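Quick setup: one chain, the form predicted on its own, written in structure tokens, and binding and motion questions come after.
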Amino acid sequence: MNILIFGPNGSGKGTQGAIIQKKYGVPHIETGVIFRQNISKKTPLGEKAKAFIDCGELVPDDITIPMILDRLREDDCKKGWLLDGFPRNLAQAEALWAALEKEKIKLDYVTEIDLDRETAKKRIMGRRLCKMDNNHPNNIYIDAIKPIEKNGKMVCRVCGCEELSTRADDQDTAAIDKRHGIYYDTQTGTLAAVNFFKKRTKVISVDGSVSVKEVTEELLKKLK
């Protein structure tokens, strides 16, 4: 099963991607990892990508897409794959679709976690890190994982640690708005890419405002 997954920052896309990966036994492929691997191995494409990255420029699609295709041809992708983080805009969606068609690689599903912009932003800003273990989920805006109140202070819901902190980038409203501005753009941005695929293949949309468990149940039900 070959799947693309979409969702704004704060939608829980990473969590659901990990669940899909485990459920279907397919590799979870992220474009950032592909870049790092190609650069570290000094592949021809990696060297080209590094030149753009070192200059602070975006890597062109004619470098990115061949990297992705090379990854999709690897042995662990023979039974399927889950591609995350690409395409980010309409032009990339068009280029990726054309490349998959040319290579005769079938795209079985596109999954979209639908979440309104304000809720997505609050979820990002609501993340709290436990000093004892950053993997303990705490978020002041999500009831299911809200920190516990103890003696008038919010503490880790998992271990009771009284030292919860925030990541600087989670509180950078300008950066969040910039990323979301790209994602929620229905003309040329990521949602425009989702709409492009809706006209060409099966797109599964799930409500991202409910609990993680409910999102998972709906997603897996529709992927059958």
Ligand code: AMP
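Bear in mind the structure is a predicted one, so any value in this text is a computation, not a measurement. Rigid core here is just the name for the largest C-alpha set that superposes within 1.5 Å across the two forms. Position 1 is the first residue in the sequence shown; the rest follow in order.
Omitted here: the form predicted together with the named molecule. The next part is about that form.
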Counting only non-hydrogen atoms and a 4.5 angstroms cut-off, does Phe35 reach the named molecule in the predicted complex? yes
Can you check whether Lys198 is within 4.5 Å of the named molecule in the predicted complex, heavy atom basis? no
Can you tell me whether Ser205 touches the named molecule? I mean in the predicted complex, with a 4.5 angstroms heavy atom cut-off. no
Determine whether any heavy atom of Tyr184 comes within 4.5 Å of a heavy atom of the named molecule in the predicted complex, and answer yes or no. no
Thinking of Ile148, Gly152 and Gln171 as one candidate spot, does the named molecule come within 4.5 Å of a heavy atom in every one of them in the predicted complex? no
Of Thr216, Thr15, Ser209, Asn9, which residue is found within 4.5 angstroms of the named molecule in the predicted complex when only non-hydrogen atoms are counted? Asn9
Name the stretch, out of 69 to 77, 84 to 92, 107 to 115, 138 to 146, where some heavy atom lies within 4.5 Å of the named molecule in the predicted complex. 84 to 92
Stretch 144 to 158: residues contacting the named molecule in the predicted complex, 4.5 Å heavy atom cut-off: none
Rigid core fit then Arg36 CA moved by 2 Å or more between the shown form and the other one: yes
Rigid-core frame, C-alpha of Asp62, shift of 2 angstroms or more between the shown form and the other one: yes
If I superpose the two forms on their rigid core, does the C-alpha of Ala175 end up displaced by 2 Å or more between the shown form and the other one? no
Against the shown form, C-alpha atoms of Ser11 and Gly32 in the predicted complex: closer or farther, for a change of 3 Å or more? closer
Given that the distance between the C-alpha atoms of Gly32 and Asn9 changes by 3 Å or more in the predicted complex, do they end up closer or farther than here? closer
